[in-house]
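Before any questions on how it binds or moves, here is one chain, the form predicted alone, in structure tokens.
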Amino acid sequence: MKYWCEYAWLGGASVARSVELEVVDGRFVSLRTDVASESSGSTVLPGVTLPGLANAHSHAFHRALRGRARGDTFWDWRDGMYALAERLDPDSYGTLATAVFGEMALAGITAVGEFHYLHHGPRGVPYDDPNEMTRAVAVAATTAGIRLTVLDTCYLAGGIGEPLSPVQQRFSDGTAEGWVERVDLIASSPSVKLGAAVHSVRAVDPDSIATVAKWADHQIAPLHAHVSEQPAENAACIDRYGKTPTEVLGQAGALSERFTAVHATHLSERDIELLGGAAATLCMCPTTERDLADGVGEAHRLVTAGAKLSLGSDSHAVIDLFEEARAVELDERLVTGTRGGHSAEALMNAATSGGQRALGWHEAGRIAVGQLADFVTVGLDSVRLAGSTQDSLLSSIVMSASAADVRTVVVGGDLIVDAGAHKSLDVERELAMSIAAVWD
């Protein structure tokens, strides 16, 4: 299959004009630039074609909270999230996740990292298949047509030194060894990878973190964790262990180039040194971080120290990686009073190759021969991008485009979104029905 792209981003600070892509068996096999006109039989893609976007941090079921979250603090919001979690079973979770992943596909997301901790039935009683909830999420992603990394999450405590609440029992395998035993039963597939996650130092003790980290090392798998999202988390960790969450994770052997720190909003100088020195990835989720009043993380300083950058939509207050990308820069401008901490190229890399790498999809995230043929085309026919020139297109997309500008999405050579519509799902209808069903 051949595609003729009006413009395509092949890396660098600008886009190329008149690019012909050839895809065979789900991969790019040839790439030519400055091709005067499309070949006979080529699919024409007006607009700018980008590598598939990667959503490196998702809690699919949180989408049902959009517009319904109440309370003044993060902890109030968390109570509402727990109430939602109590309502879900494999059927309702699978239906909701399918719709949410469909919404991601419409936004140009071709791979998602599902930070998955809702494992068991009420009061923590396992289903007959202990990974039934995991399987529901995997089927949902496959149905929606996007790649998935299941970041299977270890969750053992209600807080540092605190017992699990009844709803938190659904998240827990009792011990890290129990987590390993369950996770070892999960099978991957060509479109589904398996990674590991430590929910946080609030929910997993240092010895158990070490057990999860050893599993991830043995599997050469991604390892993610919520890190220093709230000052209260840092205070509790220092009070109990005499160390920050990042220092606890480092001592437990969790930090490496396969580690992703999610949020990392409230870090010390030493934390930044540790994450940068490990070449770890930072996953920023600005639309959630501002929705929950978390604060603004120091992405620029982390990247300068050696960390990599990726993006996530987390609680799905918004599903739009263009918004997440520009918010990294714009939010820091508000805090620092300085512009230009992150270039358009760097932010687009975070939305594409940075996220794909954090999720273990090392053969995705670039438009290049041999890479997986995962790509998205952004139309130029909206008021948001009107007047853009070839030299300004990349910056215009990062700073002004929205998910509504996505016209075409291809994953592994398969057309998933065409003319802005999902090929197999009525996403709006599925979202409305699945969310209503959860709350009825």
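Predicted model only: the values in this text are computed from it and were never measured. Position 1 is the first residue in the sequence shown; the rest follow in order.
The form predicted in complex with a further copy of the same chain is left out here; the points below concern that form.
S.K.: Please identify, from 37 to 45, 410 to 418, 392 to 400, 23 to 31, the stretch that has a heavy atom within 4.5 Å of a further copy of the same chain in the predicted complex.
M.R.: Careful reading of the contacts points to 392 to 400.
S.K.: Just give me the single entry in 71, 174, 122, 306 that has a non-hydrogen atom within 4.5 angstroms of a further copy of the same chain in the predicted complex.
M.R.: Flagged contact: 71.
S.K.: Of 290, 87, 362, 270, which residue is found within 4.5 angstroms of a further copy of the same chain in the predicted complex when only non-hydrogen atoms are counted?
M.R.: Contact check passes for 290.
S.K.: Kindly indicate whether 61, 185 and 196 are, all three, within 4.5 angstroms of a further copy of the same chain in the predicted complex, using heavy atoms.
M.R.: No: no residue has a heavy atom within 4.5 Å of the partner.
S.K.: Examine residue 438 and determine whether its closest non-hydrogen atom to a further copy of the same chain in the predicted complex is within 4.5 angstroms.
M.R.: Taking the distances in the predicted complex, the answer for residue 438 is no, it never comes within 4.5 Å of a further copy of the same chain.
S.K.: Evaluate residue 427 for contact with a further copy of the same chain in the predicted complex, applying a 4.5 angstroms cut-off between non-hydrogen atoms, and reply yes or no.
M.R.: Yes, residue 427 is a contact residue.
S.K.: Under a 4.5 Å heavy atom criterion, is residue 296 part of the interface with a further copy of the same chain in the predicted complex?
M.R.: Yes.
S.K.: Is there a heavy atom of residue 77 no more than 4.5 Å from a heavy atom of a further copy of the same chain in the predicted complex?
M.R.: Although a further copy of the same chain is absent here, residue 77 would touch it in the predicted complex, with heavy atoms inside 4.5 Å.
S.K.: What are the residues of 332 to 359, in order along the chain, with a heavy atom within 4.5 Å of a further copy of the same chain in the predicted complex?
M.R.: 333, 334, 335, 337, 338, 339, in sequence order.
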